[in-house]
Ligand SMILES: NC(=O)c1ccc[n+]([C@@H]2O[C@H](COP(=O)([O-])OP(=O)(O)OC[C@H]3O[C@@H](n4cnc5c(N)ncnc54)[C@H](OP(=O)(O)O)[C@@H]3O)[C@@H](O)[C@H]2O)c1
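The data below hold one chain only, encoded as structure tokens and taken in the form predicted on its own.
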């Protein structure tokens, strides 16, 4: 529907920035926030077509949206991302740090480049995004939600840099929650056993075996958890594991 016809939602008037929201879980979260009334900054690194498609979907909901490209491994581009957000919307209420990579590397073959790529994208970037966002978020008692995953709790061979980066996200969340309180709440989600459209059937079958709930999770499960944390005004510094019980 056109912007003039949009209906109010609980997040009407709020602005959200979702990193890595051109595709997969980030996109699902961005669209769900828009459905709740938020205007959205769709961040991507190089997925321009997918980002513009997400923007078009959000605008159909009657919300404002812009796509902004930035390489989050570079501090200068992180700063530019938030400067552009302030320029376009004049405020920021919700930061979702969902951009990540998932790099497989055997222990003996792990290179400095792979280590740096994992830590730069998965851990360094969320910290500096939070740092850049904090002045805007503090004005409106905003929220930061970081994406960890169960690899940060379980530890997987073949993915040591990834697991270390996600374990770091858990501690980063706790530190930021204390650092930015009381103006900003900071929490994290640790997804696991989540499948999406296009994933191979054998992956879902494996996840179903691992999860006590006997099903795989969906992007809807993650998006709904994000909404819970956005609205949970007395929750900060916590990590919600969304994995159907796999970590049990």
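Keep in mind it's a predicted model, so treat the numbers as computed, not measured. Numbering follows the first chain given and starts at 1.
Keep in mind the form predicted in complex with the named molecule is missing from the figure; the text below concerns it.
- Using a 4.5 Å cutoff between non-hydrogen atoms, residue 32 does not count as a contact of the named molecule in the predicted bound form.
- Taking non-hydrogen atoms only, residue 25 approaches the named molecule to within 4.5 angstroms in the predicted bound form.
- Taking the partner from elsewhere, residue 61 is found to have every heavy atom lying beyond 4.5 Å of the named molecule in the predicted bound form.
- In the predicted bound form, residue 191 approaches the named molecule with a heavy atom inside 4.5 Å.
- Looking at the named molecule in the predicted bound form, residues 20, 43 and 73 each place a heavy atom within 4.5 Å of it.
- Only one of 130, 137, 100, 172 comes within 4.5 Å of the named molecule in the predicted bound form through a heavy atom, and that residue is 100.
- With the partner omitted here, the residue from 66, 196, 223, 211 that has a non-hydrogen atom within 4.5 angstroms of the named molecule in the predicted bound form is 196.
- Only one of 174 to 182, 85 to 93, 106 to 114, 140 to 148 lies within 4.5 Å of the named molecule in the predicted bound form by heavy atoms, and it is 140 to 148.
- Along 151 to 165, a single residue, 162, places a heavy atom within 4.5 Å of the named molecule in the predicted bound form.
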